[in-house]
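For this one, two forms of the same chain are given in structure tokens, first as structure 1 and then as structure 2.
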Structure 1
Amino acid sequence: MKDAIAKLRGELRGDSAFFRHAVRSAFAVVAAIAAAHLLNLHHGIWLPITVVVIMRPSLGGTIRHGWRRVLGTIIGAGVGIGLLITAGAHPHVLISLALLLFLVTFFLKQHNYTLFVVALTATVVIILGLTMPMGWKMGLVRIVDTLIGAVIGLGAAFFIWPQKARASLKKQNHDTLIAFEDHLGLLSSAYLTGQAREGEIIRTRIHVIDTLTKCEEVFFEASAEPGIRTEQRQALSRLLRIFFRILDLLTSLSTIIRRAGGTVLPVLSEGTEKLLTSTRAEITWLAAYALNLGDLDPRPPRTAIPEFLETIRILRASGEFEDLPLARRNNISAFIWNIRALGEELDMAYERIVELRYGRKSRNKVF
């Protein structure tokens, strides 16, 4: 309880995103209730419900969620009205459809929010149509109330302490790259020592997935905000795909480590350690660059990979690998391929971050 109170006090400040969101939501809900009374709406409760549902801490999140709510409500109400008009003479059919849509609603909630709203709205309209005379008109009422609530919520998001998702892009990129570096650090240690600490590796992988999921949401919210150009949206989409490919490569490296069956070959230990250390250093540098910490050291040179490949070539020519089992040689090859691919993805991530910061043609900062 003390920790909860301390955390609450820590958020009671003007620059807190949570505090601003609470203030915006409070004003919007009060405005929605007042509008319901002034317009004498019989089902005015849908106004504040819409406000609470669509509002998010960021402007982009509110726009994105509000748009999906309105679109889903219009389509769902249309479906419900259509079913009531065409099958109104057969209540048993409508009851069956309502039950089916109700089950579909629970399934869609975890998969697609827009379709979830479509199914939920259609179910509500059918139920109202079965219990009220001319109940199909409630579908139109729900559309109107949702539109009014969405306008109020969006107005609050635009004009009351607006918080743009764009402002958190730098930090989100930094946090995602740092999560990658932490995970790669554990994988590197496990590969070099032959001691895979599965518990810690799983923990850092879960942290990477959670961070990347949050990154995806921030990117989508930023893309929905006004003022974002088409090329910037494209750069965000490309950068997000790069991050997911990096996650796939790190997952592959984890599999390679488990299949290694022991420590790295003595003749490759120095080169392998240098290769992994340089890759981690590049991720750390890129994370600092994404956050724009000011003057940074030059980007780490990409010499470890060609040097390691040259070592492999010399050892192969001297017959060092002749006695190795095929599975071990394939494992080494897979490790090299993954590290090279990881370096290429980091290069592309750097290009996308530069593009987001300066744009394609102008050197003026956009984020």
Structure 2
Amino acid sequence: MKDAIAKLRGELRGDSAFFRHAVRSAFAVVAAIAAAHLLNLHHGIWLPITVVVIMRPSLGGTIRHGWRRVLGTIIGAGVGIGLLITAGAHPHVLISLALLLFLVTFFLKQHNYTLFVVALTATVVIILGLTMPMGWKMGLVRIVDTLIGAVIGLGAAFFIWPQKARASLKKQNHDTLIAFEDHLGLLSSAYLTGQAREGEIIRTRIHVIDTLTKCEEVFFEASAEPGIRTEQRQALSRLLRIFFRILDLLTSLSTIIRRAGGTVLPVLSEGTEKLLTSTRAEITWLAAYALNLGDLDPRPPRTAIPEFLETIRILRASGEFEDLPLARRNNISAFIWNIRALGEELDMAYERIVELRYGRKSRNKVF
């Protein structure tokens, strides 16, 4: 309890995102209640309810959620009105349908918000349509009230301390890349020492997935905000896909490392360490670049992979690998393939970040 109070007090300040969101939302709810009274709306309670459910900390989040709420309400009310008009003479059928829809509502809640609202609205419209004198017209009331509520919520999101998701894109990119670097650091240490710390590896992998999921959410919210062009949305989406491919490559690397069967061969030890260190340095640099830090060193040169491949070629020609078991040789090949592919993905990530920052023709800055 003490911790909770300390946390709440810690955020009770004007520059806190939580505080601003709470103030913004509270104003919107009050405005909705006032509007319902001023307009003397039938079922005016739906106005503040709409505001409560659509308000999100970021502008993009509120736009996305508001749009899905409005769309779901229009479709759901349409379904409810349709059923009331066509099957109004058979209330027991409608009650059964409403019950079924209510169960479906919970079923859909976790997976698709629009469909969830469709099912919920249809249920509410059927029940109220059967019990209220207005009948099917309750569906129209629901649509109008939801639209007004959504407009009030969006207005608050636009004008009271607007918090754009795109403002945190740089940080999300940075955090994701740093999570990749942490995970690769642990994998590198496991590969070089021949001791995979399974629990630690899974822990950092989960952290990577969590960070990436958050990054994906912010990308979607930023994409919904006004001022972002189609090509920039596409660039964001491409960068996200690259991040997911990097995650797959790291996943693949961890399997290879787990089955490496001992420490790195002494003849390859130095080159491998250099290769892994340079890949990590590249990710760290890219993370700093994504955050747009000033006074950055130039991008590290990509020389480690060609050098390592050359070493391998010389060693192979001199018959250094002849006595190695085939599985071990192929494990080394798989490692090289993956680390090379990782380098290529980092190149593409760099291109996308440059594109987002300067636009394809050095314009349309997103961050």
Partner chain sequence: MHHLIRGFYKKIIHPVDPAFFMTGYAVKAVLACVVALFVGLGLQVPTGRLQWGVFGAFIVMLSRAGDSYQERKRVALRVIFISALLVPLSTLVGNTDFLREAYVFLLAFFAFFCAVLGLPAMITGLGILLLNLFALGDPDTLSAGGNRALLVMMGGVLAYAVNFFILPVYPRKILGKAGRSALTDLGDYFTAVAARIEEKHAPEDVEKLQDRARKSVRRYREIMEAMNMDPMAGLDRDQGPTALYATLVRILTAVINLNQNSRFDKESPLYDGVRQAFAAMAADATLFFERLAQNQSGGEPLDPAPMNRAVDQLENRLLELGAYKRGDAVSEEFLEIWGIVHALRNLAQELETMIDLRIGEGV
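Between two forms, the rigid core is the largest collection of C-alphas that superpose within 1.5 Å. Counting starts at 1 with the first residue of structure 1 and goes up one by one along its sequence. Just so we're clear, the structure is a prediction, and the values are computed from it rather than from any experiment.
Only structure 2 of the pair represents the form predicted in complex with the partner chain. Core-superposed comparison between structures 1 and 2: the CA of A87 exceeds or equals a 2 Å shift. Once both forms are fitted on their rigid core, the CA atom of H183 lies less than 2 Å apart between structures 1 and 2. Relative to the superposed core, G271 undergoes a C-alpha shift smaller than 2 Å between structures 1 and 2.
Note on L128: its Cα is shifted 4.2 Å between structures 1 and 2, core used for superposition.
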